[in-house]
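Here we start with a single chain on its own, the form predicted alone, put down as structure tokens.
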Amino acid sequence: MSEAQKVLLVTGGSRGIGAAVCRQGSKAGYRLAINYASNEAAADALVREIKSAGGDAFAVKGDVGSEADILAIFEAVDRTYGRLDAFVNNAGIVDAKARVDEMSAARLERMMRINVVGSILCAREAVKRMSTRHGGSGGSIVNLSSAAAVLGAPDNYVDYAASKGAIDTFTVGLAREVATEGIRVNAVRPGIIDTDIHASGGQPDRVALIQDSLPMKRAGTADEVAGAILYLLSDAASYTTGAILNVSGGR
């Protein structure tokens, strides 16, 4: 099957790494389903950008912290394209900088509900559509982890780091579970990437403050992470599953 016939769903696809994946995916020939939680204007603008460049895309609202929304997202892909070949489990959150002894149960519940439970439920729905066991024709899943999963993020957000550690373990387990069903499952671990996720966690100047301490003396870009994701989705990575690729500039 040519890339031009394939469908790629990206959660959290309206900004940052997700938007870069959508742009690169469209250039590779995928039809795009762009999920967003609240920023409809950004999602619609990205759809217009992709279509103006000759691609095919639509936006679908949904919060991956809600199972009902997750089901609605995947059902929208079914209605629009009737198939799913590639899935990027990108949507996630960080919270304000805090020590563990300052964290509330509500914060922890929200973090795990969105970053862990939501990601697993999204992967469940992707597997139901891709797996040869369910009548699918195979596919590829890429999960978004973080360098924080191995560094621990002390004095910043250990809860976020723990949620991404769970994603690492989930990636390996799911990859082995569906390896004979035509599905490859991999992950990327971005390091410090220059996107607005830092501002959403209350640290808009984080990149500027720490870039001199990074091995390459700079942050990464969303496009650099997206390139790794597109590789893992592609047939060039046909014998790669259960892998976690560091895109962290040596951090």
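From a predicted model like this one, the values you see are computed outputs, not experimental measurements. In this text, residue numbers run from 1 along the sequence as written.
The discussion below concerns the form predicted in complex with a small molecule, not included here.
Q: Considering only heavy atoms, tell me if residue 50 and the small molecule come within 4.5 Å of each other in the predicted bound form.
A: Residue-level check for residue 50: no, no contact with the small molecule.
Q: State yes or no: in the predicted bound form, is some non-hydrogen atom of residue 139 no more than 4.5 angstroms from a non-hydrogen atom of the small molecule?
A: Judged by the heavy-atom cut-off of 4.5 Å, residue 139 is well away from the small molecule in the predicted bound form.
Q: If we define contact as a non-hydrogen atom of the residue within 4.5 angstroms of the partner, is residue 186 a contact of the small molecule in the predicted bound form?
A: Judged by the heavy-atom cut-off of 4.5 Å, residue 186 is well away from the small molecule in the predicted bound form.
Q: State yes or no: in the predicted bound form, is some non-hydrogen atom of residue 15 no more than 4.5 angstroms from a non-hydrogen atom of the small molecule?
A: Yes - in the predicted bound form, heavy atoms of residue 15 and the small molecule come within 4.5 Å of each other.
Q: Based on heavy atom distances of 4.5 Å or less, which listed stretch (101-109, 174-182, 128-136, 160-168) is in contact with the small molecule in the predicted bound form?
A: Contact-bearing stretch, as computed: 160-168.
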